[in-house]
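In the structure tokens that follow, the same protein chain appears in two forms, which are kept apart as structure 1 and structure 2.
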Structure 1
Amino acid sequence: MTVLPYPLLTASLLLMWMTLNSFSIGHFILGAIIATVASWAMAALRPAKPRLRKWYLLPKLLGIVLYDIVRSNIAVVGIILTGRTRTRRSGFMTIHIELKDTTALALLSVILTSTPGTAWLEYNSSDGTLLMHVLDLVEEQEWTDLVKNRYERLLMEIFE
């Protein structure tokens, strides 16, 4: 067993400890001890290590997602405030996604669910079908394009 099996996890735990308490030498030492022990515990669980191929694309993904959440927020606010117009149609749709990496899939589910307007419902890992619910299902192709071209391609570049 190496001393620090998950250096990134240890560093972020230490940072979290110090933001919760204070930035001082004492809390640095205490936080470092706790973070190291926690990373050992994590190593004992032996999770599959995510491989980051192009980590420098992560800020780009974050920017895209934040922008999309703003856009989707505005759209959903419009839908709720204008009331129940009969032109709007919400519904289920299935998408075939090629992503296999579990971390990337988890990230995709977080993106889709925290965007108001889309919700991730079910995923079948054996054939890669994703069932999702869309609040404003005007053009199904548009949503497929959004998921496949905007998120999935970037996630594939980062993780696979």
Structure 2
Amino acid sequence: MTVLPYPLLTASLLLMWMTLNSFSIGHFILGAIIATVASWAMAALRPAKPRLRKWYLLPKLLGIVLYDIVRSNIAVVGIILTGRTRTRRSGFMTIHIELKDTTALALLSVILTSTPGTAWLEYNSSDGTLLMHVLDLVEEQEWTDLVKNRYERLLMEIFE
């Protein structure tokens, strides 16, 4: 373990500490200790470097995600402006996910949470299930197919 694994982070945190507190030797020492410990904690949290098997599929994934975000924004605006009908209901659903790569799972969580109308709530790694909330949960199988066929399959090609 190096003394300062992230020297720029340590210096930035110390500078922020001194900016937010009074300039005294005591605050400087305390800020230096906190910044150093934070730098060590950051080094301990350093994830493994992701292994991209098919990196050239990333632009395709980005295009799909951006398209889905725009489409979902329009759908959510429609739901809000027209009001709820009896056929629309929000709800929670569980999907079995075959992804094991932590980077791919993190990316899937970002995709689902950034798409309006859906939220990634919990991932159970022991049985590989994802709990998510959907604003317009008309047909649960459609959402399962969307996540598995549109996102998970492509993520598995890219990362696993």
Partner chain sequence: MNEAFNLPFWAEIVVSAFVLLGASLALIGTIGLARLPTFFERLHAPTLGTSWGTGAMVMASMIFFTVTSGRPVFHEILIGIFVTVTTPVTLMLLAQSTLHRERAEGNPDVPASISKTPAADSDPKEA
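Worth saying up front: this structure is predicted, and the values here are computed from it rather than measured. Think of the rigid core as the biggest set of C-alphas that the two forms share within 1.5 Å after superposition. Residue numbering: structure 1 sequence, from 1.
In this pair, structure 2 matches the form predicted on its own, whereas the other structure does not. With the core held fixed between structure 1 and structure 2, residue 137 has its Cα displaced by under 2 Å. Put the two forms on the same core and the Cα of residue 24 is off by 2 Å or more between structure 1 and structure 2. After superposition on the rigid core, the Cα atom of residue 36 is displaced by 2 Å or more between structure 1 and structure 2. When the core is overlaid, the C-alpha of residue 11 ends up 20.8 Å from its other position between structure 1 and structure 2.
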